[in-house]
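One chain comes next, on its own, written as structure tokens: the form predicted on its own.
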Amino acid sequence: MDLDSSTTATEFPLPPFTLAPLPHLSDYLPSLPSLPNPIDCIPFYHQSAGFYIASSDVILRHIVFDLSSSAPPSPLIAYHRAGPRRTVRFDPSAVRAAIVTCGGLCPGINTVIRELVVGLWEIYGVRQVFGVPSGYPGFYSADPVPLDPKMVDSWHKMGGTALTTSRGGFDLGKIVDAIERHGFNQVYCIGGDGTMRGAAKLYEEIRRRRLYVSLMGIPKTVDNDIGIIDRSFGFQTAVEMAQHAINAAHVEAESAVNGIGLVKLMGRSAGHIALHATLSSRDVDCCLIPENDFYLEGKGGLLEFLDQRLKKNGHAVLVVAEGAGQDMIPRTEAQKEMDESGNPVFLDVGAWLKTELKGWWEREHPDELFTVKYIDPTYMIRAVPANATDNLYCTLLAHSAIHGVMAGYTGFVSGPINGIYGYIPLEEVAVAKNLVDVKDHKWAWVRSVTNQPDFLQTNHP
């Protein structure tokens, strides 16, 4: 079929798809009452015919198709659309909501907390909202902190998390016992992939105990490596802040004889920050990410490329994601173990590269000047407040979460799918990964901007 030569409209049937199941409290509490949505009584909401979202409103996960192919894409999945429902399963006066932040910092955490509190108060009339300090262990080791709109009013202007956070300490039985003891019936978990895996276990235990508790997750990872959703909150702020480090590295490199500016950016398993920062900067000569192996010595290697770039320009800027080259760095037995969150211990690829670059130059150019300036802005990037785009995104995430929980959905994640906010089962998000596709046009764009080698092993002697 030659679609390009068609001059008339052509109709194509929608391929068959599977609607991902969205857990609901009524799945195991069938007698749960349905109540009118309190939004009906709020004067600043003007409900139109399509204001409330129906269970028939769905979002396709994949929206790009090859019409010349006879085989439909597989699997083709759809998710329920996020938003307010006509009926709710919680009486706002009886809600006791808990908000917890886990794992590392990320721009926008405080915005999500603020909007959860304000949304619950102003949209649904909930008056019992609590923050759980210190991450998951805080459920059983600390007293919950009452939150209200006045208290959280300026939190979106702050970096970090006002509730404090931690890694590890996940004790399934103790956490669910504490949820029961405190009388929480709504739990909002903000965190990365490890937090989402923990939330999925909490949901299963809550379901096993048949508790009247709705639990959901708001995925947070500055690396943008959580799958299915379009992007994680804080990512755009991180890319914007990474520009400052790259600009500084470029100035340092350009101001030295044979100067190299080396910048390590976040990205344990995915190089999205390094990729987007490279494309945004245009001052980067080479971008190294976990998804694309590289090597140092020999034809087509990093050292040969940098040697050529220094001869041509007199300086170079190298951006490396923290997860790149980890298998090349020598490590002790202790360094092969897992951290508190169950992730591999990552060594400092930036410090290792700096040492390797200096050793290479001393061997190959012993009588020539050479400078490597290493910049690691990790904690500066993680700790800043969200920018305007991420602040808006965090607000929409929080409000989507509230609407879903009030409607009785549980064991889900809220997030944008192809630009439309939807509800995704927690268990899917807990295992889905968003990695850089090095066969995609975007990675080809990076290479065209930097002119770096592809590091194919066939080039390695």
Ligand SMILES: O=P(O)(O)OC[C@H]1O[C@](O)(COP(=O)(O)O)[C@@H](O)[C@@H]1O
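Numbering starts at 1 and runs along the sequence shown. None of these values were measured; they are calculated from a predicted model.
Form predicted in complex with the ligand: not shown, discussed below.
**Student:** Is Gly350 close to the ligand in the predicted bound form, meaning a heavy atom pair under 4.5 Å apart or at it?
**Tutor:** Close contact is absent here: in the predicted bound form, Gly350 is far from the ligand, nothing within 4.5 Å, heavy atoms only.
**Student:** State yes or no: in the predicted bound form, is some non-hydrogen atom of Asp283 no more than 4.5 angstroms from a non-hydrogen atom of the ligand?
**Tutor:** Flag for Asp283 set to no.
**Student:** Might Arg382 be said to contact the ligand in the predicted bound form, defining contact as any heavy atom within 4.5 Å?
**Tutor:** Heavy-atom contact with the ligand at 4.5 Å: present for Arg382.
**Student:** Is Asp193 close enough to the ligand in the predicted bound form to count, meaning some heavy atom within 4.5 Å?
**Tutor:** Asp193 belongs to the contact set for the ligand.
**Student:** Just one of Gly83, Pro144, Gly104, Pro377 has a heavy atom within 4.5 angstroms of the ligand in the predicted bound form, so which one?
**Tutor:** For this set of options, the contacting one is Gly104.
**Student:** So which of His250, Arg268, His156, Arg309 gets a non-hydrogen atom within 4.5 Å of the ligand in the predicted bound form?
**Tutor:** Only one listed residue qualifies here, and that residue is Arg268.
**Student:** Among 156 to 164, 124 to 132, 363 to 371, 217 to 225, which stretch has residues with heavy atoms no more than 4.5 Å from the ligand in the predicted bound form?
**Tutor:** After filtering at 4.5 Å, what remains is 217 to 225.
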